[in-house]
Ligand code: SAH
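There is one chain below, alone, in structure tokens, taken in the form predicted alone.
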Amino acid sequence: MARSPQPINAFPVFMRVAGRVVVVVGEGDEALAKARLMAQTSAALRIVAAQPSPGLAAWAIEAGVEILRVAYEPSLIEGAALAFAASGDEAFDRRIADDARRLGVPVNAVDRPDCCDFFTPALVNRAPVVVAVGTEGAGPVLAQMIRARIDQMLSPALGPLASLAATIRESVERLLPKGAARRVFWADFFAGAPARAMEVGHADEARAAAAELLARRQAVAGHVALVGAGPGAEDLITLRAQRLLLQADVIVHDALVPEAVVALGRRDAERIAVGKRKGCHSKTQSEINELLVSLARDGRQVVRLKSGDPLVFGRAGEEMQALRDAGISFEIVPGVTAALAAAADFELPLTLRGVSSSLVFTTGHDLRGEALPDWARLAISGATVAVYMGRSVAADVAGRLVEAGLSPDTAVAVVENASLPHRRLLHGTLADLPSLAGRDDLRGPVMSIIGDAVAGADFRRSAPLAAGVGPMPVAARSPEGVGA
């Protein structure tokens, strides 16, 4: 499984404060900062400061905010939507926080995370579009740095454009069916003619462009994307794959695709598990083919999410043929296949100048036949061989290759759960490979890489594949470098 994200201790929400009382208690810079923040809202701001600083007093006059020049008492925050303890005095702020909790008022104590029910984020304000960046109080400066980057990305016209979208939302929901048709309309709205007109300040033209876009609405045809999810780590998925996941109505995924990758799609997307694990098939391939065709014929935007690369042992050929026969449009999005991730984990050159200039991907299952497959002959002549799903056939792979003439001393690298934090690396030789079948402790997907180029790997983080195997030497790097 992929690494789980760190749990969120402060869940981000947007609270309605329009017309509601928000109280800031404090007299100096801390209170001024929170007052300025809340002045961006439509809340009824109340400042409690017996002796406000000149800066706070001047700002309040300019902003039209009343300061209650009285000593603090709990009744002043009773019934408030939010309260800020911003006195700068730790004991006083803790007292305010205790009072707020007793009165059921969410409280923020400035620079005292342990006293906070909520944290104020760094805001990018394009109202009604607001981007909030929070660090649970751990790094306010970091939040401001992130806010500055986002601020540069978003046009000042985004707010008026979003306001225009709100005025036509009801019409869009009435005229366009839920799902792909609406998403296509909104994508064209926010990236097309209405957005361009608003960018130059022509609000009337933007409204007219939106009306024209809605008038020429049309049904959206179903589409299937066969997407490579990569070897497991969610940050190895491609940008195109991530974009398609965010557009998908349905995500049809294999068992080996981690939840962290599936979760990159929209929360409201339907998720259908059709996983195939050894000895446990939830759907036959023909059922999967029929499902993809049926979903697309219903006008759905479908992502068929496959572990690794869809064209490498992913049975994409059968799915593509079914989609072609049904006249369904589809596309292929490559992914990082497990052999490449395993090699990266081992810092292993799959091709090495003067040693190996070819690479073979195989499952090894075809070694059980009488005829020696062509790739086995390539291995004997120096190719690097990457064996997928090969734990149970490890003895067959090793035996047939040795019979065919490959030296038993040929280097072997084995990776379980390639690319993931809990991956396991094992090393040995071809003679040690049969022991892989008896390793019941290996429960994740296993990749074996065989060949002379494997000797160029870094074995310092790997364990012996078989009992009695010592550490492999770290190969000397060629001054000419690696690559083919």
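Heads up: residue numbers just count along the shown sequence, starting at 1. Predicted model only: the values in this text are computed from it and were never measured.
The same protein also exists as the form predicted in complex with ligand SAH; that form is not shown, yet it is the one meant from here on.
- Contact with ligand SAH in the predicted bound form, defined as a heavy atom within 4.5 Å, holds for exactly one of Tyr72, Phe189, Phe330, Tyr388, namely Tyr388.
- Put simply, of Thr337, Ser87, Thr120, Thr410 only one has a heavy atom within 4.5 Å of ligand SAH in the predicted bound form, and it is Thr337.
- Interface residue remark: Phe313 is counted as part of the site for ligand SAH in the predicted bound form, having a heavy atom within 4.5 Å.
- Using a 4.5 angstroms threshold between heavy atoms, Gly308 counts as touching ligand SAH in the predicted bound form.
- Ligand SAH in the predicted bound form is approached by Val415, whose closest heavy atom lies within 4.5 angstroms of it.
- Mapping the unseen interface onto this chain, Leu76 falls outside it, with no heavy atom inside 4.5 Å of ligand SAH in the predicted bound form.
- Contact with ligand SAH in the predicted bound form, judged as any non-hydrogen atom within 4.5 angstroms, is confined among 34-42, 47-55, 452-460, 438-446 to 438-446.
- Contacts to ligand SAH in the predicted bound form (heavy atom within 4.5 Å) from stretch 103-135: none.
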